[in-house]
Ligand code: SAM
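Presented as structure tokens, the chain that follows is alone, the form predicted on its own.
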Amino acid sequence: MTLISIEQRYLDDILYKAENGISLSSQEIIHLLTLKDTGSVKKVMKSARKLREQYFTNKVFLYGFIYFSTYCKNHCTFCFYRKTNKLSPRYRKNLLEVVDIAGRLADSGVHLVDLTMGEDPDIFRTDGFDILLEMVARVKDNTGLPVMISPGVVPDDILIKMNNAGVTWYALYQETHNPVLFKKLRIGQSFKVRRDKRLKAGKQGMLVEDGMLLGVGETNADRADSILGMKREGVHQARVMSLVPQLQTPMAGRVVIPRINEYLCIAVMRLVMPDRLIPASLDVDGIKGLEMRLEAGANVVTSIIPPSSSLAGVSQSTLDIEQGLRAVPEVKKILTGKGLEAASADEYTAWTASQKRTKITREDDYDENRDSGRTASGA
């Protein structure tokens, strides 16, 4: 038996396990993430689509995105909106502006409104969260849609208030599950505090999203750890995005890695977590990047932004926004071409309701030893 046939047999065995609900080992996940030949990558993505169809048929969920404050007190080395970056566009949308934009998103057919901000010092002051909570309430009342909130690491009492205010999703991205690399990315922040905040949000009853960032010095072993870490945490939505180097940040000159890395991560996350939501973000490559992410097994389209709203994106602050290409009609064209369709509002509501009946759990082998026990080779 030739080396090629042995490798193909190994790949086929891994995909058979994934398609039949058998957990993959870290070694098997790393093997998938290292694939380079087109034929093997297509086989992985085909298996991912098969599992997506098994759990979600041909339905895809659509998320509207409102980056309502680009002020931030943090110094993350990858982020365009880090505190010291004088090039980033700074603004704070007021309550009426946010409610108006949310209404336009709802009218366009999104299933959820994602309210995102930097860790804005004005919000993090003593009474600032009242503004945020009122914003959530007004958006929900005006649109009738579920709300995701991405406010950073908030105090525990605010988590309780957010849940009581009807927040459906709490998004808090780790970016890497390697604590050593984390310290290089999120300067002065705590790996454990950030992770535990998601777990607390889940215990309050909110659905939880985590995510990983590619091209920041991680290894394939680190990527596998992130995928398995998100599975262990029981996150309801798992995201991966590629680094877009930003001007006047420590990673401004970093070489961009091939996008196939992101597509493979999406596909592998689908194999490992077949029943979870996995986004295809418009924030990295705009509308032109959507097709391949759907091919890889994504079942949510995120970062839908209406034109003429003076909103910025995160990785790409202006890409496709004012041209109207990051809007629902353009997304639906791509979905139709792939034999997919936008789910109904009722279908999304039913899915979230089913997930909220099961609170987030933390597996026994996911413990604090992971906070300090390993280092990133090459990180």
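So that there is no doubt, residue numbering starts at 1 and follows the sequence shown. Owing to the predicted nature of the structure, the values given are computational and were not obtained by experimental measurement.
Quick note: we don't show the form predicted in complex with the ligand, though the next part is all about it.
Distance criterion of 4.5 Å from any heavy atom to the ligand in the model of the complex singles out T116 from the list S88, T143, T116, Q204. Scanning A106, L213, V98, V147 against the ligand in the model of the complex with a 4.5 Å heavy atom cut-off leaves one residue, L213. Under a 4.5 angstroms non-hydrogen atom cutoff, the ligand in the model of the complex has R186 among its neighbouring residues. When contacts are judged by a 4.5 Å heavy atom cut-off, L335 does not count as touching the ligand in the model of the complex. In the model of the complex, none of the heavy atoms of V154 sits within 4.5 Å of a heavy atom of the ligand. Proximity of E175 to the ligand in the model of the complex falls within the 4.5 Å heavy atom cutoff. In short, of 223 to 231, 266 to 274, 129 to 137, 78 to 86 it is 78 to 86 that has heavy atoms within 4.5 Å of the ligand in the model of the complex. Shown without its partner, the chain has no residue in segment 280 to 310 with a non-hydrogen atom within 4.5 angstroms of the ligand in the model of the complex.
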